[in-house]
Structure formats: C-alpha cells, structure tokens
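The data below hold one chain only, encoded as structure tokens and taken in the form predicted alone.
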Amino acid sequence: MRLPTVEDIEKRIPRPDDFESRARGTQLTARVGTALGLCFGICFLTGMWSHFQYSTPGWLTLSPNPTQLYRWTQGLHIISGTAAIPLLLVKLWSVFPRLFIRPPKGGRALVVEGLERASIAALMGSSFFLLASGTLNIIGWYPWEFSFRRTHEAVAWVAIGSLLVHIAVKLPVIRRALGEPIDHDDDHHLDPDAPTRRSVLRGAFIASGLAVVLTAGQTVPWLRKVSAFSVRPGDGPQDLPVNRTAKGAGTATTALDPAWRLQVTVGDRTVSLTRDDLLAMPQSTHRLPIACVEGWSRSAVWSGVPVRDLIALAGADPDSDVVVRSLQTKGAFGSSRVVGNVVRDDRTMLALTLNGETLDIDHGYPCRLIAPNRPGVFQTKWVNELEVRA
C-alpha cells in the first residue's frame, strides 16, 4: 500500500474556486466589513470611556454632567457589541474560501502573506474573545481567574490595532468592492436559484438588528417588553435590579445593627452620625440612573443628604475629594473615590430612600452613595465612612 505523497494531500485540500456560491464575494465582504468596523469602532471608544471611569488619567477631569452620559455610553457599548456578533459570523462565512489560498512563491511575497495572515489571526482571535467574554459579563458569569476589566481593555487594543492594519492592507480592495453593485457577478455558470449577495447582506443586517432588539431592553426602557433575552429587565426590590445582595457582600447583619454610625473624617476630626441624624438634616431629592458595566441601567428617585453638606459638618471644603467606604467584607469595590467637582454637585448624596420608600438592604441600607454620571460599581452601598482627602 502506497503512502500518500505531499501532492496527493495537496489535491485533497479544497481551493477557493471549489466554493461555488455566488453569495460570496468582495462586494458582500466589504459591505458587511464596513458595518462591522463601525460597530467595533463605537464599541472600542465607549469601552475606553468606561475604562477611564475606572482609571482616570491625570489629564481628564470627570464631570457630573450630562447626568445620563455613562448610561448612554455603556448602553451603546453593549448594543454595538451585540450588533457585531451576527455581522462577524457573516463576514467570516464570506471569506472562508480564502483560507485555502496556496502560499505564494518567493521569499518576500511569502513574508508579506504571512504578516497579513498573522494580523487577521490576531483580529479574529481578539474579536471572538471580546465578544464572548463581553456576553458572559452581561449575564454575570465569570468562568475565569483573570481580571475581566483589565484583560478586556488589553485585548481591545489588540483588536483595534489589528483591525487598522487589516483595513490599511485591504483598502484598495475595499474601495473597489464598495464601488461595484452588490450583485455584480461575472460567474454566470453559478446556480441562479442560490441566495444572492443582496439577500445575505439583508439577512445579516436583520439578524444584527434583531439581536439588538432582543437584548437592548436592559438599557432602553421602551424595549423592555420585547427584549426576550434582556438579562436585567428591571426586576428587583423597589423596582430596581440588584447586582450584589447584602448577603453576598457580607453586610446582612452589620447593615441592620442599631449601633451603626456614619463616620465623617477630616484630618484628625471625626463626626459620628446615626441614621436618625441623617434623616433630620435637609434632604435632596433627584431622579438619577444606576448604570452598570454589564449594560443594564434604570432611573429611580433618590432622597438623601448631599455629601457636600456632610463633609461641611467636619469643616471640609465643599469641593474636596472624598473616599467613600462600605461595610461590605466580600467582593470588589468596597470603597470609591468621589472627585471634588462631583462632591460639590447637589445631586451627589448619601441616599436614605429609594422611590419614596426606605432604602432596601439590598440597595444599600442604611445609606448608599448616589451621584450623577457614575458607574454603578462606584455607587457604593452600605456606607459607613466618608474620609476627606486633601
């Protein structure tokens, strides 16, 4: 029995011409790729804005206005990422035959081809990682040990860098393909009853739009009733979702302790306040959103004491930076820093009531921070200390 030779194996590997589908072609790939590139660009920019909220560079001063900005940007981040999933699958299908192009001859051509394929591999690998891990983050499942936020940011730079390289290499092909009719095809021998590029393109956009409609209800209030796959439609105590319960944060007992006191510290001076003391102070009431990195958001009416009034009791300037600490003993984000221009805003408060009712323990009883234009993880719950920083 003769062993197969390299030539025998090579003959069994398909070639691009073996895929006889008139629906494939550069005209389709360029159009789907353009839409996918727009989704990736929006997702990258809004994602970077979210990362700046967590690790603010020195040249950037975060403002409490517009109140809904983080809600809009993070919602747009999730929506554009969701819209990209069907588009990415269709684009991969359209270029699948090109995987079987034989390597060119000549050292220089081989190097160029190798670099191009390496950039495509980096783009595909990073894209799949971002979309898959982002989807798991939305549903709150983290089957990994690494930091989601830091890893997501690092891989996003790989994705956007390889995407720019890919566009630069393919720009002449993209421009030519976009200038041709979508169903332009000189291969008349192909099956005339097969799907056309136009029908595939239409199907890709419909699938992308449908994915958005079915999931965007956790961000867009008027879509909640039709978003069957929305993870956080708004259910929860006092008509507001909960990410971390008091039990999960280890505060189920300490938050209800009658001996609880809020400590307001400025240097060597400390003011101690009971919840009744807080209720006796002038209250501020505002409608503000909770907007989380997972993409869900919901507005609610909050009432409480402005943080600037609390630190003034200890003699602090109203635009001082303040570190807010929580009773929680489990999980991340047990404290957060509020910068001076946000502290100065009347809407930045320690909330005592939510939607006209005493704050539920899972929403941060006895008091929680609420401030405009701020990620939900930094709206610290079960607050027990305010420390003014110079």
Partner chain sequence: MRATRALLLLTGVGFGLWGVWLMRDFTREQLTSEAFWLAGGVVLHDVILAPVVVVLGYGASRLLPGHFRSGAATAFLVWGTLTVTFLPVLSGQGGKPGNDTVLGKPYVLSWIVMTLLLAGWAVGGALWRRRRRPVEVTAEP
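The model shown is predicted, which means the values in this text are computed figures rather than measured ones. Positions refer to the first chain, counted from 1.
One more form of this protein, predicted in complex with the partner chain, exists but is not displayed; see below.
- Shown alone, this chain has one stretch from 268-276, 86-94, 300-308, 104-112 that lies within 4.5 Å of the partner chain in the predicted complex by heavy atoms: 86-94.
- Interface residue among 177, 264, 249, 200, judged by heavy atoms within 4.5 Å of the partner chain in the predicted complex: 200.
- Residue 214 is the only one of 214, 220, 313, 281 with a heavy atom lying within 4.5 Å of the partner chain in the predicted complex.
- Taking the partner from elsewhere, residue 181 is found to have every heavy atom lying beyond 4.5 Å of the partner chain in the predicted complex.
- In the predicted complex, none of the heavy atoms of residue 74 sits within 4.5 Å of a heavy atom of the partner chain.
- In the predicted complex, the partner chain lies farther than 4.5 Å from every heavy atom of residue 258.
- In the predicted complex, the partner chain lies farther than 4.5 Å from every heavy atom of residue 318.
- Against the partner chain in the predicted complex, the set 99, 135 and 230 is in full contact: each member has a heavy atom within 4.5 Å.
- The partner is not shown here, but in the predicted complex the stretch 124-159 reaches within 4.5 angstroms of the partner chain through a heavy atom at 124, 125, 126, 128, 129, 132, 135, 136, 139, 140, 141, 143, 144, 145, 146, 147, 150, 151, 153, 154, 155, 157, 158.
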